[in-house]
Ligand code: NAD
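Only one chain is included here, represented as structure tokens and corresponding to the form predicted alone.
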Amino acid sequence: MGRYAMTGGATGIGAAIRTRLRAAGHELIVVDIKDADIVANLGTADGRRAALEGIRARAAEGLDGFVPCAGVNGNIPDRALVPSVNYFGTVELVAGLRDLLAARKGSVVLVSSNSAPHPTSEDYVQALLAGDEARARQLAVSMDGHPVYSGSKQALARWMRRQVPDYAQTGVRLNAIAPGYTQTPMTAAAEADPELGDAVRRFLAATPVGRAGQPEDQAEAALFLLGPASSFICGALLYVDGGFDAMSRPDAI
């Protein structure tokens, strides 16, 4: 059995991934703001350092995989938290665990979104990609919630694609899932939000397969990308969204 680590394993998609990994008999280290093996706030630099130290102490011999799943939606009052958690809370941990992943030829599955291609601020995305957290946070507070969220997920996918060659040469595969509307506590809060609710409901009603996604749908995709059946898949952004992206951008490849 393997040794894995993940963030955001307390609820939603992360909880489904946690359940699947443990049911398969794997050792799993979970980081979250509550109810976790390592309790840490990934929205802060200190929290990210604590998460890395905790994982490294428990996995000194290496990791077979890592799933940075922690994230927040754009409807939260403190929008500056979105880039800090969604982007920096992911890329800093992936980079900080790179040697442990290389030691066991591990794989990483990031959680982007099918909203990643949506319009956002390029200045915001560039601040993220440049590692300028202060600037990204400053821009986020002046933006609407959805572009803040989608921009964080777009930057995450672009970062992943840029890192693939270097990581692959050390035996570490990077891939990402791009969930569509999935029934979780986070999306329930967005649906109830006065600003976002109507858009979320229209989004769900337009999903070609005719239903919302479930956390288990995302977990199955993540486990496939983590495992040996996907050993030649590297740098992929897998849309797990009931056909919504294909409907919205039929000519995009």
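When you see a residue number, it is the position in the sequence shown, counting from 1. This is a predicted model, so every value here is computed, not measured. Whichever C-alpha set is largest while still superposing within 1.5 Å between the two forms counts as the rigid core.
Beyond what is shown, the protein has a form predicted together with this ligand; the following relates to that form.
Each of Leu52, Phe88 and Gln163 having a non-hydrogen atom within 4.5 Å of this ligand in the predicted bound form: is that the case here? Answer is no for this spot.
Options 179-187, 92-100, 131-139, 165-173; stretch whose heavy atom lies within 4.5 Å of this ligand in the predicted bound form: Within 4.5 Å of the partner lies stretch 179-187.
Any non-hydrogen atom of Lys34 within 4.5 angstroms of this ligand in the predicted bound form: Yes, contact at 4.5 Å.
Taking the shortest heavy atom distance, is Gly242 within 4.5 Å of this ligand in the predicted bound form? Gly242: no, not in contact with this ligand in the predicted bound form.
Flag Val111 as yes or no: does it have a non-hydrogen atom within 4.5 angstroms of any non-hydrogen atom of this ligand in the predicted bound form? Residue-level check for Val111: yes, a contact with this ligand.
Could you confirm whether Ala10 comes within 4.5 Å of this ligand in the predicted bound form, counting heavy atoms only? Contact check for Ala10: yes, within 4.5 Å of this ligand in the predicted bound form.
Of Leu223, Leu28, Ala40, Val200, which one comes within 4.5 Å of this ligand in the predicted bound form, counting heavy atoms only? Among Leu223, Leu28, Ala40, Val200, a heavy atom within 4.5 Å of this ligand in the predicted bound form occurs only for Ala40.
Though the partner is not shown here, which residues of 45-77 have a heavy atom within 4.5 Å of this ligand in the predicted bound form? Sequence-ordered list: Cys69, Ala70, Gly71, Val72.
For Ala190, is the C-alpha shift between the shown form and the other one 2 Å or more after core superposition? Shift of 2 Å or more: yes.
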